[in-house]
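Here you get one chain, nothing else, as structure tokens; it is the form predicted alone.
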């Protein structure tokens, strides 16, 4: 075999491993943890609900202006929200979906998959429940649990408890549905595309992503960008702010790519131990949380300061005042909704990237429900009090203030180790499996 043939063969093998094969869950969890730390070091922790809420803000803003709202909750939407390409949360969401889309196209996974009619109906209910649950918890499974624990906040553990309750209840409902509901089983269709076309579109998507990041990095005049206004760049952000979005876009895309390639869904990590006994994803999520927690402790310990005077990662970043009933009830509602949807917050977005129509339908209802609930919580009653800040949803608990950084890391590590041991034991004993 010639040297050229060997090189071509090795390149083909590498492409297959990077773009075609499903990635190992442990490696995926480590990479998700690594990119989670990188995005924190670049600017802020990532999340899914921030983007989805911003998109919901724009939908309700358009409606409020159309009907001319003069009072009530809709009046609060008359002010123009932050633009899709000016808000860090929205840019993270766009980058995440783009990364998943590129992965799905290059891997041949992309297709428009229309589920049965019952699943489409459940998508509406699921989106609403997920939006409400995320508002109560101060975030979805990412911001309310994964990155909350990773950022050393106690409310992540209470949402964890709520998620377990919600997932178990959701699993029991699904079993009941399978035995008692026959309506809506038809209507499923799949619209696939030629392999070569998907690969071509994936490459185009990758190039477009890089060009978009370069455009962000090259922004010098914020006034010129803000003049575009509207949905894209509304918000009057500074040029330095907009330039830094380039890194968020790329790292978020890497997260989307990795999670789609590894089919990594956090709610599945909670579901499978009770459904099949498989603990693969549960172990991966536990490992990934440990990686994030170590990274956050390094970044928060001395609160490094950037050249512009802002901290790299402030101590209370992603610490929410929901340590209490808010995150438990919210986690349960969100977990139940995620079971109906077939994906968590991040799982929903990467499945959108691979063309899952059910999850595409979940997103607008998730967005509307979360936007309205969040706005209501921040402007509650005649005095328009913020329920979270008033301590009505729970407490703000930054664990290093109680246990120190070493104690907090040991506590998180101990909890993850116990979870690892419990799900491993269950793989052999099946004691936690819920019977059909």
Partner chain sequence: MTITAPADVKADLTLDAKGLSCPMPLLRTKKEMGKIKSGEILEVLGTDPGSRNDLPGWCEKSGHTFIGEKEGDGCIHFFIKKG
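None of the values given here were measured: they were computed from a predicted structure. Residue numbers count along the first chain shown, from 1.
Keep in mind that the form predicted in complex with its partner chain is not shown, yet the notes after this line are about it.
Residues of just one listed stretch (72-80, 182-190, 247-255, 313-321) have heavy atoms within 4.5 Å of its partner chain in the predicted bound form: 182-190.
This chain appears without its partner; in the predicted bound form, the one residue of 356, 346, 103, 284 with a heavy atom within 4.5 Å of its partner chain is 356. Shown without its partner, this chain lists 212, 87, 295, 342 as candidates; in the predicted bound form, only 342 has a non-hydrogen atom within 4.5 angstroms of its partner chain. Although the partner is absent from this view, residue 178 contacts its partner chain in the predicted bound form, with a non-hydrogen atom inside 4.5 angstroms. Proximity of residue 114 to its partner chain in the predicted bound form: non-hydrogen atoms within 4.5 Å are present. The closest heavy atom approach of residue 8 to its partner chain in the predicted bound form falls outside 4.5 Å. Contact check for residue 276: a heavy atom falls within 4.5 Å of its partner chain in the predicted bound form.
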